[in-house]
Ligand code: 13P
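Encoded as structure tokens, the following chain is the form predicted alone, with no partner shown.
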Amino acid sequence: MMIDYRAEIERMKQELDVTVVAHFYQRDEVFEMADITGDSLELARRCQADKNPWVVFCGVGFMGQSVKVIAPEKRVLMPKIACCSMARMIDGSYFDDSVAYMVERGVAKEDILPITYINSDATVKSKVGEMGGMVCTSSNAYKIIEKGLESGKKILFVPDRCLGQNFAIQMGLKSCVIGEGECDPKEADVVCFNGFCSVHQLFTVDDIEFYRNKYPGITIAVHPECDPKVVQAADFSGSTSQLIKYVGELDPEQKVAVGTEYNLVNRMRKENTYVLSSTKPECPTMNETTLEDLYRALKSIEDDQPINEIVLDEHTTKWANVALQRMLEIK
């Protein structure tokens, strides 16, 4: 017998004390079933404020963890525990190695202030919290780095080298990337871990030149996870939410090419909006979750046999929450 997944999902959403949330990068069929949509931090904060005890989170692993860290009393399930490739590039041991790299080159551990992009595992956030550091997002990284520099310490920025470099350039700071050329932490203000987003690496300066030649006067808007050369060649750079706002406020006749994930760009505007790539820049892990997966996660709650539940130990939750709260306290 064929199951009508949409109808069953709607039924269980009505009958169960559950909230379905979906990140902007989810495929349309899943995105359309969500009660709450947004970027990673916005989703975590809105889940915290939500009254339902159950959350089914359609996204990638670190996002579900963020909900559990901010609201440990919630039961958080994921239809698919998909792993963000950037978040997987760093774990606790790689973080420790990065700190050791700086110490071995003359920077005392107490003179290091770590900042981790929210696109990281809870264990990394926890280690950052224990060292007095903070979490940041792509929308507030400038403000967080600026605050961090007030300490007089060297910034260790993990895991996205592009985000760290782009904001260092914007702020007139010196940066270097561990493992990429000569990286002397004593000479840099911001020392970056060598991680990146596989999707945002697809966009190139050649792509920008192609669109500028094909459509004179076109606007180029990109995410700061793109390579610094791409960000510098663009007209605008901003987080997911900032890109949505920027593109939405353009004159409808203004052509714009956007350098970020395909599903999001495809929902921005139906006219005069292009994806800044010759290939389809879909995040493979964000696109893993299907309607059937969402149905099965909800059915597991109904059957009292929850699947794919996010579970974190007390120590990790405590210190990851400290790192997140330090960010939230900065206005």
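Numbering starts at 1 and runs along the sequence shown. Here the structure is a predicted model, which means the values were calculated and not measured.
The same protein also has a form predicted in complex with ligand 13P, omitted here; what follows describes it.
Taking the partner from the other structure, ligand 13P in the predicted complex has no heavy atom within 4.5 Å of any heavy atom of Gln65. Among residues of the shown chain, Asn166 is not one whose heavy atoms approach ligand 13P to within 4.5 Å in the predicted complex. The shortest heavy atom separation between Lys127 and ligand 13P in the predicted complex exceeds 4.5 Å.
For His200, a non-hydrogen atom is located within 4.5 Å of ligand 13P in the predicted complex, even though that partner is not displayed. Ser239 is the sole member of Thr219, Ser239, Asn194, Ser175 with a non-hydrogen atom lying within 4.5 angstroms of ligand 13P in the predicted complex.
Heavy atoms within 4.5 Å of ligand 13P in the predicted complex belong, among the stretches 94-102, 147-155, 219-227, 180-188, to residues of 219-227.
Along 116-140, a non-hydrogen atom within 4.5 Å of ligand 13P in the predicted complex is carried by Tyr117, Asn119, Ser138, in order along the sequence.
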